[in-house]
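Next up: just one chain, as structure tokens, the form predicted alone.
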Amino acid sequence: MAEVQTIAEATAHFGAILEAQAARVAKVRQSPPPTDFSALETIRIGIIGGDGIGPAIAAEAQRLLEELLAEQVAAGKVEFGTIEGLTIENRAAQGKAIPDDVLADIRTYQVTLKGPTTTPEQGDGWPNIESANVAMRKELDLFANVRPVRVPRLGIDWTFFRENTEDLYALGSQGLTLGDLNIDFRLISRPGSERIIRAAFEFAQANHKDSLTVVTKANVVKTTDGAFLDAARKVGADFPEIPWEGWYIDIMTAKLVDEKRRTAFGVMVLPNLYGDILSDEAAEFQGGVGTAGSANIGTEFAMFEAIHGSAPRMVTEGRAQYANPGSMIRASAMLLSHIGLPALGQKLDQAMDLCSQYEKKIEMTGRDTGATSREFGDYVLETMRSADLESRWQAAVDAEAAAAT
């Protein structure tokens, strides 16, 4: 946040933001084609522990991935590495959301699995540095934040495509104060909107989804949300077989809890802030944000992570070993699909469904009244190894559906 004394200073500050964003959008127009993982000699997966409970749950997810990919690792097709230094202490000491040496290391991996990181807020004692997540999305141009939520017993099968590099989050640390006025900036570009909306339509097409929902508040926020809706009209014309409609964020938030209406939604595409809020609400149906993973996908790089925070209180209270690694394991399933192993990713998702929604032979409570992260990881691995995984999963889904009717 910048404190300025005059409107002229504020104008200069805003002008610098416009110049930087115009340069960024010019680069977006020249983005390279997506990485072809099948053509890579070795896929390098970097593990970032993060802050708070991050190292504990990231380590558990890494353990599962290394076991599931043991054959590929032995053949030299997959290689794991650890990325150090993306901690709040190191970021604060260097005054950067991502220290230069850490960013250079991250760029040596095509794919990263990242634990949650702490983002300073006004007045908490940490310096005013940008969110590491936001910075990584911008630096690596990870424009698509993909968050699936599936609860078969409720008829819920949602996939949220949240724009990742623009909106209020992109300029969240660049607001200004002029006397009693406090101003933040919101940015929505045409190229940025078109590529996230196209990604959502392509996903709907590839997965045989029969509709798509574009979420804005374009009736009130006319310039930026209006541009996002205009982009949907343009891109939607290229997918005439997929009908789409626009919904306003306030009523959309209400309809996700409407039992009669919510099952009609499938693929949703939203600007950054709306996508963050709505997908967190949606995760509650699956068991909370601790159970939901997300993908951050660009053309060259991809980063997979939990959607929740770093929970530092669990660490100070000595409870980190009881943190639920479910979100990181869900993210790992998405990672497997992204690098060309969708069948293995689906198996991991099915095992997670059984372990966290259906059979639930052990409970995660975040305390010593429940299982440890390690015990839950062992439970997921044991479930994945079972020869009857798919039939158990289908039986559980059918039983829940029958009970619901």
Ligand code: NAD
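The structure presented is a predicted model; accordingly, all values stated were derived computationally and were not measured. So that there is no doubt, residue numbering starts at 1 and follows the sequence shown.
There is also a form predicted in complex with the named molecule; it is not shown, and the following applies to it.
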{"query": "Proximity to the named molecule in the model of the complex (heavy atom, within 4.5 Å), stretch among 94 to 102, 322 to 330, 73 to 81, 218 to 226", "finding": "322 to 330"}
{"query": "Leu273 within 4.5 Å of the named molecule in the model of the complex, heavy atoms", "finding": "no"}
{"query": "Heavy atom of Gly293 within 4.5 Å of the named molecule in the model of the complex", "finding": "no"}
{"query": "Touches the named molecule in the model of the complex: Ile277 (any heavy atom, 4.5 Å)", "finding": "no"}
{"query": "Exercise: His308 in contact with the named molecule in the model of the complex, heavy atom 4.5 Å", "finding": "yes"}
{"query": "Ile53, Thr119 and Arg313 each touching the named molecule in the model of the complex (heavy atom, 4.5 Å)", "finding": "yes"}
{"query": "Position in contact with the named molecule when the complex is considered in the model of the complex, options Asn133, Thr87, Ser189, Thr213, heavy atoms within 4.5 Å", "finding": "Asn133"}
